[in-house]
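Coming up is one lone chain in structure tokens, specifically the form predicted on its own.
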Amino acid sequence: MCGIVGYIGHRNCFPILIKGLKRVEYRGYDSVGLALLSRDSFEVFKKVGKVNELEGEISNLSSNSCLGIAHTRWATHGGITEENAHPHVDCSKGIAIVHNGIIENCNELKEELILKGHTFLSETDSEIIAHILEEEYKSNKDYIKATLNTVSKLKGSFALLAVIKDLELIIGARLDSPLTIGIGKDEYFVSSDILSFIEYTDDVIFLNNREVCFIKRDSLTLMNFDGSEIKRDIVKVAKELSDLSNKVFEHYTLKEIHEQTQVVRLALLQDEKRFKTFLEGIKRAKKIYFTGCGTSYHACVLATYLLAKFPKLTSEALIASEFDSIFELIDKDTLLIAISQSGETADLLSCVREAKAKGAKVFALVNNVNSSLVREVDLFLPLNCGPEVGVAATKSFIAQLALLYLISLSLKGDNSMIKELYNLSNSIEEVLKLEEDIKRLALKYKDSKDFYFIGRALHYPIALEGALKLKELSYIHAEGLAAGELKHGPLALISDGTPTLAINPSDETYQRTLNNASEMKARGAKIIGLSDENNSLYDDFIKIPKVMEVFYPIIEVIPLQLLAYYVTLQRKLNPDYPRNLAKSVTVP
């Protein structure tokens, strides 16, 4: 969610900060702000709205500051107002901070500060950081001690940057929220996301948990929260700027849907030794759990079907936010496999840490190989699908599915099916040719109040994913249902004209799903059939190519993504930035 960007160096920082904020817009936000520090002034600019709106208001800025911090906020504490936007300043207006995370002991600290005479201008938990730092710095004028004393008082999660008016440096600190430092020549960039500065440098240092940094134009000092200095190697990361352009596509979401022709092959490009070790870890485990959030959780559900179907292994999928309910079952014989696009989701990282504390092995499938998740787990496999900017996961889901199929089939030792998996790119290309047909469907159903997706077995998680895509992009109420469960309650929701999409390729589930769709049609539903075979029962039909039966989930999710995208356009909404949602949920 919230994006943090900072710069200190020899250039005018305003365009660097603005460009950096635009790079992290995909994370979701409701307000924006920045603080610029120069020798004779300290200026803070904030606005509810988008980065380009703030840029337009202050584009004629005369100052040539070479030091600044900036922020995109996603509201957690306090409403969406200019007062609650970051940066926040202290009483003297000599300190400014930006913060991502949650300060759990905010109320207690705020009461103490009010008794000492501090006045607060916002409803946020973040503002207390500026006031604590003010209090500590006023006491001894030692910015290192002031910083260490400040972070020692904070409970919760945070990545924060601070600037002090009479010092030319940026202070940073991290606890359970990401913060990365980019290293240039006589300049430093610091951000919650490498994408914000990757065009300037690919040399980075990752700040670990319970670490602080003090960044001057010509030096960088790293410390633990206890004050001991740290030496950290510079890491070179891959530059992927070309992937950030949406080129000829109107939106990143559509661009990323179309990139799926290559995603399957890229996901299957795994280091042989690492992949073998991953498989051996699964074989040794006595208990296997999958966990993820949102779309990644749907991949987890499919994973349990695949492990049962191919290597005949028992596993369980749990939503990360609910995982603590079974912590008593986790022990040294457990393997937890975490699935994530960003690798920064707070609930997921909490599961990983708790599982490791109980002696479990923890593996991951993750797209962002520079993420906190990668540094926490025992072993990971990359999704290799490149940056995903659209808030709604599309290509990362296909990559997750492809890699889960590869794992399951490799555990079974079925090389012929693995070869078929590699060839799915051609079928995906065929599916994308359905775009015009799906546009017509979107126009027909754009005003629906409810929308249902049904499927059985391997198709049930795809029904869940189809519903999620439609609801998060178009704001239509949508549900994914196990087709066999309709008689146990959901049929009561069906009325005349209710659209229902039946995921129904010609496999072992075909006739039973058709029977369930018939039950819904008898109660007034409009049935959209998604299949390789048409049927007179369908009011509308989306024809997908025939593939090996077990691989239908990979290709059938793409029409559902396109349907959600085009319904969203018909409703005059922006599919890249759905309301109230963020790409990476870094607070629990």
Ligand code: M6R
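Note that residue numbering follows the sequence shown and begins at 1. Here the structure is a predicted model, which is why all the values come from computation and not from measurement.
One more form of this protein should be noted, the form predicted together with the named molecule, which is absent from this view; the next part is about it.
By the criterion of a heavy atom within 4.5 Å, Cys293 is counted among the residues contacting the named molecule in the predicted bound form.
Using a 4.5 angstroms limit between non-hydrogen atoms, Leu306 is distant from the named molecule in the predicted bound form. Contact between Ser342 and the named molecule in the predicted bound form is found at the 4.5 Å heavy atom cutoff. Taking the partner from elsewhere, Lys469 is found to have a heavy atom lying within 4.5 Å of the named molecule in the predicted bound form. Residue Ala393 is the only one of Ala483, Val263, Ala393, Ile503 with a heavy atom lying within 4.5 Å of the named molecule in the predicted bound form. For the named molecule in the predicted bound form, the listed stretch (223-231, 461-469, 185-193, 420-428) containing residues with heavy atoms inside 4.5 Å is 461-469.
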